[in-house]
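Consider the single chain below, provided in structure tokens and representing the form predicted on its own.
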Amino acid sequence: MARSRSRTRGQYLTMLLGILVLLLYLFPVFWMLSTSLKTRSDVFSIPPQLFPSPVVLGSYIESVLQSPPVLRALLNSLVIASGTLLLTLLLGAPAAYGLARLRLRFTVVITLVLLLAQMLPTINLALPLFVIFTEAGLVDTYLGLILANTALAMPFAVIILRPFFLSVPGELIDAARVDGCTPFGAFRRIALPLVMPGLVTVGALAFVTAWGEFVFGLTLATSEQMQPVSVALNRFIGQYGTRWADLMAVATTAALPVIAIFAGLQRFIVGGLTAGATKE
């Protein structure tokens, strides 16, 4: 009985600790939303207002809905993130399948190189890519930004997808080959449908990474017409001060697609990450 009470007390304490950590983690998000709904004078009120009173939508109307540069930046981010998602899956899935199914001599070395590439700071890639893309005429283009973000997402995609392909029974692939499938046909008709949770996970994370990427957007998009929304946020930080309410309104709007993706695909993403971590 005493052991049961102790266990229940421990569960409550763990739950309380989890709630406290969650509140601390979400407080910046709450403050961003609260600031975006305040008047410009209330933003600097002392003591600070925790909840906006009155609630105003002026920053959303002026800085998002009636601002063509911000709408263009949101469209740019959508194009870049969608293109990165598609290209990452298009290249990452065959690469992971090859590392999982082909008897390569240097699979371990290649996987280690991918892990190391994943750890490189983005700025280390941005400068060489800027030089290469300048020669290729890809600076300030959607294609250049999609390629750069895909290069950033590819190591992660291969590392996540490889364990999924390893979990596909080899007998299914062999049976498909016996029935007349080509190697690519077995990959497309048998392996890909079985690793759909992994594809959803990688696609969602590639989209979110490209949506919030800043360094490539700053270095490879030299005109305001091509800059993503992560770079457009800088326009609200001026020499004589920061327009906090407008900045937070745009930031909240930019966060909505990310929140929607994680809310809608939470089951796939969490399941995909945990499965990818254990199916080696």
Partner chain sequence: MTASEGTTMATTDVDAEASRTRLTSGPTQRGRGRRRLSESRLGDYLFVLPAVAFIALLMLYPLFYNVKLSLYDVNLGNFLSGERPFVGLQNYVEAFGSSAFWHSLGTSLVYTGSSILLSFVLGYALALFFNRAFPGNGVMRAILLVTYVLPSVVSGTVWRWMLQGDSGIVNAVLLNLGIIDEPIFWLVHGDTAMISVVTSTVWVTSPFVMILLLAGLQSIPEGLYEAAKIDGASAVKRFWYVTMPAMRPVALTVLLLSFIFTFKTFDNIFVMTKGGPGDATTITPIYAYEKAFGFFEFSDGAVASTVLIAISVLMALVYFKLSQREEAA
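Positions refer to the first chain, counted from 1. Throughout, rigid core stands for the largest set of C-alpha atoms superposing within 1.5 Å between the two forms. Predicted, not measured: the structure shown is a model, and the values here were computed from it.
Keep in mind the form predicted in complex with its partner chain is missing from the figure; the text below concerns it.
Asks: So, in the predicted complex, is residue 43 in contact with its partner chain at a 4.5 angstroms heavy atom limit?
Replies: Output for residue 43 is yes: heavy atoms within 4.5 Å of its partner chain.
Asks: Is residue 83 part of the interface with its partner chain in the predicted complex - any heavy atom within 4.5 Å?
Replies: Residue-level check for residue 83: no, no contact with its partner chain.
Asks: With a 4.5 Å heavy atom cut-off, would you call residue 31 a contact of its partner chain in the predicted complex?
Replies: Contact check for residue 31: yes, within 4.5 Å of its partner chain in the predicted complex.
Asks: Does any part of residue 67 reach within 4.5 Å of its partner chain in the predicted complex? Heavy atoms only, please.
Replies: Because no heavy atom of residue 67 falls inside 4.5 Å of its partner chain in the predicted complex, the answer is no.
Asks: Name the single residue among 75, 196, 136, 116 that comes within 4.5 Å of its partner chain in the predicted complex, judging by heavy atoms.
Replies: So the residue touching its partner chain in the predicted complex, by this definition, is 116.
Asks: Within 4.5 Å of its partner chain in the predicted complex: all of 54, 79 and 200, by heavy atom?
Replies: Not a single listed residue reaches its partner chain in the predicted complex, so no.
Asks: Taking only heavy atoms into account, state which residues of 244 to 260 are within 4.5 Å of its partner chain in the predicted complex, ordered by sequence.
Replies: 244, 247, 248, 251, 254, 255, 258, 259 sit within 4.5 Å of the partner.
Asks: Relative to the superposed rigid core, does residue 69 relocate between this form and the one not shown - that is, does its Cα move 2 Å or more?
Replies: After core superposition, the displacement of the residue 69 C-alpha between this form and the one not shown stays below 2 Å, so no.
Asks: Does residue 44 show a Cα shift reaching 2 Å between this form and the one not shown after rigid-core superposition?
Replies: The answer is yes, as the C-alpha of residue 44 shifts between this form and the one not shown by 2 Å or more after core alignment.
Asks: Can we say the CA of residue 222 moves by at least 2 Å between this form and the one not shown when the core is superposed?
Replies: Shift of 2 Å or more: no.
Asks: A 3 angstroms or greater change in CA distance between residue 219 and residue 242 is reported in the predicted complex. Closer or farther than in this form?
Replies: Relative to this form, farther apart in the predicted complex.
Asks: Compare the CA separation of residue 220 and residue 242 in the predicted complex with the one in the displayed structure, and answer closer or farther (the difference is at least 3 Å).
Replies: Compared with the form shown here, the C-alpha atoms of residue 220 and residue 242 sit farther apart in the predicted complex, by 3 Å or more.
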